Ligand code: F6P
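Only one chain is included here, represented as structure tokens and corresponding to the form predicted alone.
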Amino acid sequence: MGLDHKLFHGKTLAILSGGGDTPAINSSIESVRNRASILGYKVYGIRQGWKGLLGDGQVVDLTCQPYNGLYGGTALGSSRTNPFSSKEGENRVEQILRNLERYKIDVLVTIGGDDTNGAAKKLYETEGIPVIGFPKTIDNDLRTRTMHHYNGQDIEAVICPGFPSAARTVTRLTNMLRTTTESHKRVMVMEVMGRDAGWLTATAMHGGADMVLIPECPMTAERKEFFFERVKELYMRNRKRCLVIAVSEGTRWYDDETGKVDVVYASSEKDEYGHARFGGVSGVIANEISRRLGLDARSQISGYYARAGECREYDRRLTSTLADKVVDLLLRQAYGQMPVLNRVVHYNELEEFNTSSIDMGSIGNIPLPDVYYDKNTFSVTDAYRDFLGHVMEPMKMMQFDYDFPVVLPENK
């Protein structure tokens, strides 16, 4: 005898997205919404992340509504609102609890990184709110316990929704910059998002970058001298006399005046999770290359381009696969968990049987592993190229391949 109603008929699941946007959030929202609807949930969307559960609340109905998961960013909006911040003495937790009750929300799915999902887990532990996390970051630095099997090694890696699409954009921008760099025989220093990890910046080598600098490898006074020597060597060996160097916005750079190794800040103002805004290290590095080596060096900040644009194929299927795991968590009422890939796989292996779940309260961040980066050449290793090869197709490089014969004046 069949059921008269779907399993979770009469229950309501709400979705919010917090922190920085990625090209894969709308796809994540659509995938979770579709599966929750099949289970019988009414599905709500909360606008502007945690901010949408403050005051009177900002809640919309996603049930039986068209939704374009290919469109990048998040139609629900996002913010860096911290539920446990107490600006002007307000109690945000009380407001969140009140709105969850007012809107009759039974389960909350939070799409975000360490900050958003860490706050959700704390609400689960302290207030008993049923939550399920969903991973999101272009930095690809959430500790998801995803293993990369390479040449007999087991390397702890990450594949997080948003990263594959952002990586595609970074590789394309890198390849595009080479034409202008070649034309003027310059050194182009391209700055890429990445506060504390170089996962995304390292993808620039897939697009033809000659060197990469990452936060995991601080540029001390000694490292800087070695770096300048390497820049000069590569530039002189390049028959077109040009270089493209990708640097993470969080690269720690030695300041000759202060004698300190530190990041370059675009603003000293901090968000509610205590993060200041980085930016401008590419300009500092380009200026020093020009001054120290006498080369024409310029900087280019790729900035928010990495966050922008449509959801690419790998991300699309990845969000769908992780949403399948959300179904399992909902059925088992395994709250306080986040779905993840348990191993690095190619596109056609993105299936629920290659997923697992981890505790939302112990996500944390993971830097680019040493095995992926060669400090002596400022470049990625074959292990990283293999990792990226699971996520991205080979790049079709723009090249102007031939030289012109040199004309010598005739002797009279």
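Start at 1 with the first residue shown and count on from there. Note that the structure is predicted; figures quoted are calculated from it, not measured.
There is also a form predicted together with the ligand; it is not shown, and the following applies to it.
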Task: All of I138, G194 and E249 with a heavy atom within 4.5 Å of the ligand in the model of the complex - done: yes
Interface check vs the ligand in the model of the complex: of K104, R277, K232, R98, the one with a heavy atom inside 4.5 Å is R277
Heavy atom within 4.5 Å of the ligand in the model of the complex, from candidates R178, H148, R186, R307, belongs to R307
Among 149-157, 186-194, 165-173, 214-222, the stretch whose residues bring a heavy atom within 4.5 Å of the ligand in the model of the complex is 186-194
With a cut-off of 4.5 Å between heavy atoms, is K325 one of the residues that contacts the ligand in the model of the complex?
no
query = Does at least one non-hydrogen atom of R80 fall within 4.5 angstroms of the ligand in the model of the complex?
reply = yes
Contact check, 198-231 vs the ligand in the model of the complex, heavy atom within 4.5 Å, ordered by sequence, gives none
